[in-house]
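Here you get one chain, nothing else, as structure tokens; it is the form predicted on its own.
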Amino acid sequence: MTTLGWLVLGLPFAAAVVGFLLPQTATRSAQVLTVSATGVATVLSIIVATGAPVAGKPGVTLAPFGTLTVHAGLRLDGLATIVAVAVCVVALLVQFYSIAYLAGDDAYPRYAAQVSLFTAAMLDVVLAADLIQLLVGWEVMGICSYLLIGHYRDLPEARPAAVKAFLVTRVGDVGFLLGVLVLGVGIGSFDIGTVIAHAGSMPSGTLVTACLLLLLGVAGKSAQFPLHTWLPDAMAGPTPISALIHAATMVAAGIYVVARLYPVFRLHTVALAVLGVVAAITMLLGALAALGQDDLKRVLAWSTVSQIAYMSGALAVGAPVAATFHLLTHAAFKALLFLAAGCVLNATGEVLMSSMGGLRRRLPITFWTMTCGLAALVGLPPTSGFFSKDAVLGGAWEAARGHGGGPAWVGWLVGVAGLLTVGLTAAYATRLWLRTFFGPAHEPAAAHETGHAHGPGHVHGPWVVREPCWIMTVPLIVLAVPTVLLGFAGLRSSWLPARLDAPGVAVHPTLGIALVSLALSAGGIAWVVLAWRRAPGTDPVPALPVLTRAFYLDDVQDAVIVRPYRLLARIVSAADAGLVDGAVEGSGAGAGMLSRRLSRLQTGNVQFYATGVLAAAVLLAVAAVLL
């Protein structure tokens, strides 16, 4: 199994290396290479997941780190192998979907190679048996996200969005790096199994410090408050990349790391309490912000911020199985939603819901599959989101009653915030559904000659709104299956829970919580539907700037951090130019001026030289007498 595990990780990496060496005109070769490599890796990941778990082994020695040693090895337990399958499946569908979505893109081979490297980096995070090895994949993901978000080089907002994503996540990554070092040095090993086994022997203060530093990195990668602002702007990248980032890589990485090291985090309630507070704030913030967006992809982006917070909340209340379950179901329905959104954007050339409407008959496959995805997002039975979201809320209720793994007040906080978010999620999902697929149709005038912000280029001329080709619709149909059925995997403890090393835990709905959740969902849906019926074709939710601007947190970040930093940069630049460079340039100018002055003394007159020597001798004599 270990050999197969290395192949799962190595095939996308090899495809990336070869892809970077291909000429930019070798589009067909890049398509065959990346799709084939990811497809084989997907098959192998399924084989590994169905086999016997393999505990992490030291593996290959990479380098000494003081008295410690860094190894490269694989930890193929149930958690790692199941998440690896989700990563490979979504990456494969994204690569396949991109063949049509980026048709005609002059940088496709580079794009496909970057997606393969992104996939390999996430698989390294998932399968790594060593914290430093995990850290390598963690950082490579950051680089790949920067490159992929900024893929549309001619799009003005793409480059700033890429830079913002890179810098904001780097802030968290500094804490993550320090947390890894504190754990490794404190325990005397970077091996994940050793860290989990001996974390309890660390001093309490050191352990809390390490966990909080790791959570800083998790907040950055998983777009949690206050480091969440990069994710909505990242929608400037290609829509398949949005699906990959939101469903199976990047934002899922932080949740996975906490689940991977959960025995360490649960040793001290402070880390879980901080995680719970952040989760409660983030899930409500994301849902409210989604309610105020007109951009289709930004609605889904804020939805991801909110849904990732559900996973954080489940971990905070001591329900890691529920968190992992929701991670898997979210990977299915969020990938489906983004790829369906890509079909809408490809067909209409529009990104604003106010310019859409009446698409359900023109895009039937997209409509029905996206309906399944939105139902799972809301948590309507029998979709997968119903089971996983109910598991999270059930874990919060158990913690509130004092029966969970987290503090009781954290259970109340996460539970109440989660229930409020259920109603808000139903409202913004219904709003998206109605404004996109119902009401009067809006006819796009013409395609842009060089493409648009969120899709491939098109030939100039009248835009025909129709279902995209089968290469783009097949991934929707494939993802609709787990979106609807994956929730049943948690009903028996011998199925998914057993693979997650929780053989006695069945993730089944709790009647009371399910009824309250469905009532809140019905309330959110009814509010939007009634408002829509009063004025069909208009926005059923009042346009509030505080929601559209996501509570002005971007403006606060700009005022508190960006502008002072730029001012400081200008001051430092001026000081560098005026003092440092000025001193260097001034010394050169002074030497030149002195040499010119002295050169005037070279007259060639012997009498002048003799007079100068005599005058100097007299001055020296006078000085000798006086001193």
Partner chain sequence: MILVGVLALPALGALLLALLPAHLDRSARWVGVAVTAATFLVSLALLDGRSSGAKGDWQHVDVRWVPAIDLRFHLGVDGISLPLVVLTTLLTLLCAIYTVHSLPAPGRAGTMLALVLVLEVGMVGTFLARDLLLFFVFFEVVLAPMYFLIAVWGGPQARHAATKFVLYTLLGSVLLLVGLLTVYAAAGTLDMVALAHAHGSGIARSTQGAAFLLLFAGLAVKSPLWPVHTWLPDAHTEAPTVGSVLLAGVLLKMGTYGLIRVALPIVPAGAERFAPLLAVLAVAGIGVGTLACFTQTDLKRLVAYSSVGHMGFVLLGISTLSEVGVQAALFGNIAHGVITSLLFFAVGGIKERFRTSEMAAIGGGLAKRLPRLGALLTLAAVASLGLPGLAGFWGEAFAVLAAYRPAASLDRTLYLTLAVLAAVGAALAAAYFLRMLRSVVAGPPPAAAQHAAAVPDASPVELLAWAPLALLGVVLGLYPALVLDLTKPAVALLVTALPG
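Residue numbers count along the first chain shown, from 1. Everything numeric here is computed off the predicted structure, so don't read it as measured data.
Another form exists, predicted in complex with the partner chain; not displayed. Remarks below refer to it.
Engineer: Quick one: does residue 32 come within 4.5 Å of the partner chain in the model of the complex, counting heavy atoms only?
Structural biologist: Because no heavy atom of residue 32 falls inside 4.5 Å of the partner chain in the model of the complex, the answer is no.
Engineer: Using heavy atoms and a 4.5 Å limit, would one call residue 508 a contact residue for the partner chain in the model of the complex?
Structural biologist: Judged by the heavy-atom cut-off of 4.5 Å, residue 508 is well away from the partner chain in the model of the complex.
Engineer: Are any of the heavy atoms in residue 160 no more than 4.5 Å from a heavy atom of the partner chain in the model of the complex?
Structural biologist: Yes, contact at 4.5 Å.
Engineer: Check whether residue 559 has any heavy atom within 4.5 Å of a heavy atom of the partner chain in the model of the complex, and answer yes or no.
Structural biologist: Taking the distances in the model of the complex, the answer for residue 559 is no, it never comes within 4.5 Å of the partner chain.
Engineer: Please tell me whether the candidate spot formed by 64, 181 and 190 is one where all three residues come within 4.5 Å of the partner chain in the model of the complex (heavy atoms).
Structural biologist: The answer is yes: all three residues contact the partner (heavy atom, 4.5 Å cut-off).
Engineer: State the residue from 147, 547, 500, 345 whose non-hydrogen atoms include one within 4.5 Å of the partner chain in the model of the complex.
Structural biologist: The option sitting close enough to the partner is 147.
Engineer: Given that the partner chain is left out here, which of 474, 185, 526, 103 has a heavy atom within 4.5 Å of it in the model of the complex?
Structural biologist: By the 4.5 Å heavy-atom cutoff, the listed residue in contact is 185.
Engineer: For the chain shown here without its partner, which stretch in 193-201, 127-135, 81-89, 365-373 has non-hydrogen atoms within 4.5 angstroms of the partner chain in the model of the complex?
Structural biologist: Flagged stretch: 127-135.
Engineer: Scan 606-620 and write down, in order along the chain, each residue with a heavy atom lying within 4.5 Å of the partner chain in the model of the complex.
Structural biologist: If the 4.5 Å heavy-atom criterion is applied to the partner chain in the model of the complex, 606-620 yields nothing.
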